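Take a look at this single chain, the form predicted alone, given in structure tokens.
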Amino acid sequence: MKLNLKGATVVLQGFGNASTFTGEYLEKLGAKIIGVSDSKGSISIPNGAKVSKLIEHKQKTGSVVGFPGSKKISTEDLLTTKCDVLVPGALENQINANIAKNLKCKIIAEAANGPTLPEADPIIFKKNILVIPDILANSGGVCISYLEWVQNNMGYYWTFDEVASKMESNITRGFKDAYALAKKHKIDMRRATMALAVGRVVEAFNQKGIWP
């Protein structure tokens, strides 16, 4: 996509673990947070804000709303803010067809489960917005659970860095494989990711003769 994350603008919907950690990692890569929300409301921060400062403000006041230099906006305005990366990391069914038509982002990274309605997917695909679907974008926990199972079976335990490296390797490979499939068949990333997942189950069934 030729998108440099250094200087890229990011909007975080939700301010729980998924969004805050996503924001922190993107921040380390040089991105700037220009919009955020929690259960109390949504805010626009044109000049950007550090995630640590937003966390500090929320701990003091109970919400990101009222953050210095911010303006309170609606959920729809937050989701349709012009940005490079939109992270829906709150509730399901947030991006419907109407919101999809007004999206002004380049990437949607689904940190929440099911934040995009099926009616919105074709619209987003036509707008050439890259979606990193939920079953791929927020699969870190599932990857870690698998790695814990492997360690328990072996009776041998890895360091945090080893576990993190193996998780990153799995997710990165999954993304690259899904992206290649999407490009090959000219389909959206959600369909590509589902096709890849089903294909792997079929492969396991054919090789083992049992459901994995």
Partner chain sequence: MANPDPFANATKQVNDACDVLGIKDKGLREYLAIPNKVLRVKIPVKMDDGHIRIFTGFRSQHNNDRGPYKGGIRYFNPEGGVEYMEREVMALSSWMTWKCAIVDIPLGGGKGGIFVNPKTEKISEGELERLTRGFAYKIFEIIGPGKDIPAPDVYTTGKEMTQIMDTFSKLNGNVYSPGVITGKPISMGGSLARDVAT
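From a predicted model like this one, the values you see are computed outputs, not experimental measurements. What we label the rigid core is the largest C-alpha set whose atoms superpose within 1.5 Å from one form to the other. Positions refer to the first chain, counted from 1.
Below, we turn to the form predicted together with the partner chain, even though it does not appear here.
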Applying a 4.5 Å heavy atom distance criterion, does I45 contact the partner chain in the predicted complex? no
Residue-level contact is defined here as any heavy atom of the residue lying within 4.5 Å of the partner chain in the predicted complex; does F67 satisfy this criterion? no
Contact flag, E56 vs the partner chain in the predicted complex, heavy atom cut 4.5 Å: no
Taking heavy atoms only, is I95 within 4.5 angstroms of the partner chain in the predicted complex? no
Only one of S52, Q151, S39, T61 has a non-hydrogen atom within 4.5 angstroms of the partner chain in the predicted complex; which is it? Q151
Looking at the partner chain in the predicted complex, is some heavy atom of each of T80, C105 and P122 within 4.5 Å of it? no
Applying a 4.5 angstroms cut-off on non-hydrogen atoms, the residues of 141-155 near the partner chain in the predicted complex are G141, V142, C143, I144, S145, Y146, E148, W149, Q151, N152, N153
Taking the rigid core as the reference frame, is the Cα of A204 displaced by 2 Å or more between the shown form and the other one? yes
